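Okay, so we've got a single protein chain in two different forms coming up as structure tokens, structure 1 first and structure 2 after it.
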Structure 1
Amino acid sequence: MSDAIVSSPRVGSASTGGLVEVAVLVGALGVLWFVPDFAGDYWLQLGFRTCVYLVLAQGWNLMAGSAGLVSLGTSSFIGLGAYAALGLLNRVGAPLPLALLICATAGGVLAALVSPALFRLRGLYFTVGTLALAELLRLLMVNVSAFGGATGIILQEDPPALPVLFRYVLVLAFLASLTITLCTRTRVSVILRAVRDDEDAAAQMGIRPYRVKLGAFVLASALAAMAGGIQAAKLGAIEPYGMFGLQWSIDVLSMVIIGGVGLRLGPLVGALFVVALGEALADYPEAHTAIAGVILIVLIRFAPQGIVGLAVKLPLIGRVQA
């Protein structure tokens, strides 16, 4: 994965580019914060969905782009976050932000717990293993009646209103993007990219690749768990099939691939595209999954670097880039 944007030639220190990026993020947060004041519910709904996807995709992109970890188990952490969030809200009456923080912790801990098994070999086994993990958790949830079995859990109190939820998820997306910025614009980025470029040579430089990969996995999982938590809070009723479903994992994967793996803007563009495509196609209920499939095939085939990669190649935008 060429990381054209991240590794574009730099003049001066790493932090100037980073500061610009942080400033843009803060600016975006500041502007979008006031969206609920003038935008209709529909745009808030789409914004909410995009933000949830963005959080997931940022994490996934960090994993794949930095450590070469291709996961099909995102739903494990979404589901975990969803159950943890509703459990905390229902049983303890925890405030949502606190519940989300605990979700993040739970996601990170789960990632750390399963990593010895999943990191044993590189590549394919990790992918297959994450897929199995999600299925295992789903089966566990379906079977264990303490978690509501197939019925799931229903949020007892009404969730906050949409504008409030939107702002929560906006902050979440901001934090996720900020984290990724920190990972790609500070000295951490050097370590991450070294591991991705050449794990062995990186080890010879004193880097502990296992810990670096674990760090990326834990971080991405914590983000996914928070996304799951806020999604559950919005739904108000969750059950294992919806929250641990393969659909989540596939959605994330397609967002990043469509956007452009390892590219800084890939997750954002991918999330926007997937939300927009889903909305556009849902009006053709008979064949929308088939159409989505065809679009996916065409994009993978003809835009190997995703939409962002394609856009950068276009002469005009390419020049602006340079």
Structure 2
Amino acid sequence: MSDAIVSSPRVGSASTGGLVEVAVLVGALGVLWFVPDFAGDYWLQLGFRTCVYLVLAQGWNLMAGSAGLVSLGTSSFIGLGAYAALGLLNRVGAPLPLALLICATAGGVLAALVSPALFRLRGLYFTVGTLALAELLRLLMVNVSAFGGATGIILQEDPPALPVLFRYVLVLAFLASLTITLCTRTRVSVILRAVRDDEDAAAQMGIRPYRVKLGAFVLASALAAMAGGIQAAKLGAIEPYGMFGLQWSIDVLSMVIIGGVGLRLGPLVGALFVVALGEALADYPEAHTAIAGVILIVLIRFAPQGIVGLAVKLPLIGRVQA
């Protein structure tokens, strides 16, 4: 199996595509870095939210689209990262970049600890298991006074300025996209998809499904924890019902489905679409929920590969790979 992967004629083209994608990412980072110099707070707020969503969607797309791990436990690691970040900022006075690195470590460690139990479950049972993990952590934070109980934690110092936070989350989104590119533009992508399509067959070909799924799960969880950490630093106050709420998991799932599950541009398109829709219907929350639900149903029924998958089927865009 490994020899076949190395000698596959697609590997060279995938490597070339990966170099192009890395160059595009670096160029986008260079251009967007100067946005705070001329953009107002409103656009920085939108940019910050889009980058946070992009980080979360990139990790979830790797798990579900490439490794077949459909999780509803994203909020588990967002909340963990939020509590870890504010705890480090309040009690240790750690700089935010160091706090985010520790958040990533905490998210990865938690994923590794719970994976033996969760990976015994497959399909819908795995999804329900990840949902139960988020609820367990929420109840833990509510009932343990050391974590602030139901009132949560308040950042003791003023949070960094919005332009500074925007640049932090921009770098985080760049690193997340770069990491996922390295995973999806190399032989790792073939291994992930082999496990997604048939674990038993992949195991017979010499692949170790548990290790493959663990790597995807740990990486996605680390990214979610960092996103939670920087979101907490921006808010300046967190509580368990918000940080461990199911809405985080639903939003991430919606973004990837709308953009295109398993497609490289899916997370970006989905994040932009969800943020734009939320802003357009900000004054109509009930309509926002209903319209978002209708869009999801229509896409799942008529365009299961999302907006990106639908776009590549158009004559003018069909030659562009997602």
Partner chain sequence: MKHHIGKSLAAAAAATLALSIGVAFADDIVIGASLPLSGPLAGFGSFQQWGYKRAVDQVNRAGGIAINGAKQQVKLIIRDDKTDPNATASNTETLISRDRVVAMLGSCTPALVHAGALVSERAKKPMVTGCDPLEAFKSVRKWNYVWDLFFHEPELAAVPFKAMADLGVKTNKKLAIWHDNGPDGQVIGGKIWPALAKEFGYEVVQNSEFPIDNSQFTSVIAEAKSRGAEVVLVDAITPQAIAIRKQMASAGYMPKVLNIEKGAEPVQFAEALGKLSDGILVGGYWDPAFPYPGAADLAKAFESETKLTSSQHIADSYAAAQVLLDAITAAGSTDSEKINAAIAKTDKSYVVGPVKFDENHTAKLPIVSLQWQSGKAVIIWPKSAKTGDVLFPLP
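Throughout, rigid core stands for the largest set of C-alpha atoms superposing within 1.5 Å between the two forms. All values reported here derive from a predicted model rather than from experimental measurement. Residue 1 is the first residue of structure 1, and the numbers go on in sequence order from there.
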For the form predicted in complex with its partner chain, pick structure 1
Q.
Please determine whether the C-alpha atom of residue 202 is displaced by 2 Å or more between the two structures following superposition on the rigid core.
A. yes
**Prompt:** Can we say the CA of residue 286 moves by at least 2 Å between the two structures when the core is superposed?
**Reply:** yes
**Request:** Classify residue 189 as shifted (yes) or not shifted (no) between the two structures, where shifted means its C-alpha moves by 2 Å or more with the rigid core superposed.
**Result:** yes
Core-superposed CA shift of residue 296 between the two structures, in Å, is 2.5
